[in-house]
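Presented as structure tokens, the chain that follows is alone, the form predicted alone.
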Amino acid sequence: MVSQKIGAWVGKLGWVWVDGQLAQITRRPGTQVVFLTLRDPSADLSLTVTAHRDVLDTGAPNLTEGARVILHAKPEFFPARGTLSLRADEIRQVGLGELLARLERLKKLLAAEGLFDPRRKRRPPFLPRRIGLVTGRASAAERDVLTNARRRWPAVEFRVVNVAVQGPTAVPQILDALAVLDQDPDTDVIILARGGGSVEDLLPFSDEALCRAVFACRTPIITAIGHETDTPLVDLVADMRASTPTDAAKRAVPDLAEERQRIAQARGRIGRAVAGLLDREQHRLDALRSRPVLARPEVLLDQRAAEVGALRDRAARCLRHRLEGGAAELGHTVARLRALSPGATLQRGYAIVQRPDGAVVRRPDQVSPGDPVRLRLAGGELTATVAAS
């Protein structure tokens, strides 16, 4: 029931134009029917096409396997077998000019979407742990990449995935290989390499699905497709384009001899810089050591000791002068005090008369006869009584 409904729906499609790549041509003897196998280059899909021999001979007499064709055909579904086929009444082989025009339109589309933007391109690591190589089996491109990479860095490790690099199965196999290598955590860079060829041979590397897959890869991709003049669209999407497989090997790994030479040059520059620095510092130390303060440090101490001794002598002289001046001034003051002292007067024979209360008697009327008085002399005191006033 379902197959019948599918057949009825397919029958309503009518005639359609189909674009694809011819994978196989079968001409059976004794029959006017030619069987073609048409393949979608960007998907694992193929259809059987039936056409009259005259249709093929008229539209594409020199048709060969791998060619790009356009068919005007009617889809047919066979419910009993559950298969879909095409019945063609017109076959055209796509010419080079039309192919180039289609590639130019695809190029503008991808550029508008930003797949060629140089700002999103990643720089491959300086020394990758492992390099993934997608190329044809036992091809010159594989040999060039492996030989030149190991010549530059003998310890480089490769994971090679051999695929078809032209024909209807090329794009699906390359897509599967990229997916496998992109998921490998040890693969740091992927090289997609193919030798030279015609424009038709390099068409798989301008496939839209392949370009978008390269753009979506997380691992940096280096492409080396064809020669210097060949520029498939995948070269514009890749993170780095190499002109040849040999150039891809040079871009993927450094040259061990060059790196050793650079290290030797760097060590030489460092050695000269250190030697120059040591020489400058030695000259500086020699200049400092030649100064008197470092050559004979005791001279500075002697000078300071002489200055301290001079200051001490000066301080001692100043103190001595001050003391002598003070002593002389004190002697003069003592002499004046002694000259003015009452004791000096007493020494000349005078006496001081005092009443018992200590008051000094200066006039006769200050005492009465019979009053006791005290006489203070230079050599001591006497007690007396007033006889008459």
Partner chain sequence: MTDVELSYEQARAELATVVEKLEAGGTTLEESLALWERGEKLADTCQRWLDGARARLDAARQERGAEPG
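Take the two forms, find the largest set of C-alpha atoms that superpose within 1.5 Å, and that set is the rigid core. Note that the structure is predicted; figures quoted are calculated from it, not measured. Residue numbers count along the first chain shown, from 1.
From this point on, the text means the form predicted in complex with its partner chain, which you will not see here.
At a distance threshold of 4.5 angstroms between non-hydrogen atoms, Asp286 is in contact with its partner chain in the predicted complex. Contact check for Gln282: a non-hydrogen atom falls within 4.5 Å of its partner chain in the predicted complex.
In the predicted complex, its partner chain stays beyond 4.5 Å of every heavy atom belonging to Pro185. At least one heavy atom of Leu301 is located within 4.5 Å of its partner chain in the predicted complex. With the partner removed from view, the residue among Cys318, Ala155, Val274, Ala306 that has a non-hydrogen atom within 4.5 Å of its partner chain in the predicted complex turns out to be Val274.
Just one of Ala80, Ala112, Ala266, Val293 comes within 4.5 Å of its partner chain in the predicted complex, counting any heavy atom, and that one is Val293. The stretch that touches its partner chain in the predicted complex, counting heavy atoms within 4.5 Å, is 293-301, out of 293-301, 119-127, 215-223, 68-76. Put the two forms on the same core and the Cα of Glu307 is off by 2 Å or more between the shown form and the other one.
Once the rigid core is used as the reference frame, the Cα position of Arg296 differs between the shown form and the other one by 2 Å or more. Relative to the superposed core, Ala155 undergoes a Cα shift smaller than 2 Å between the shown form and the other one.
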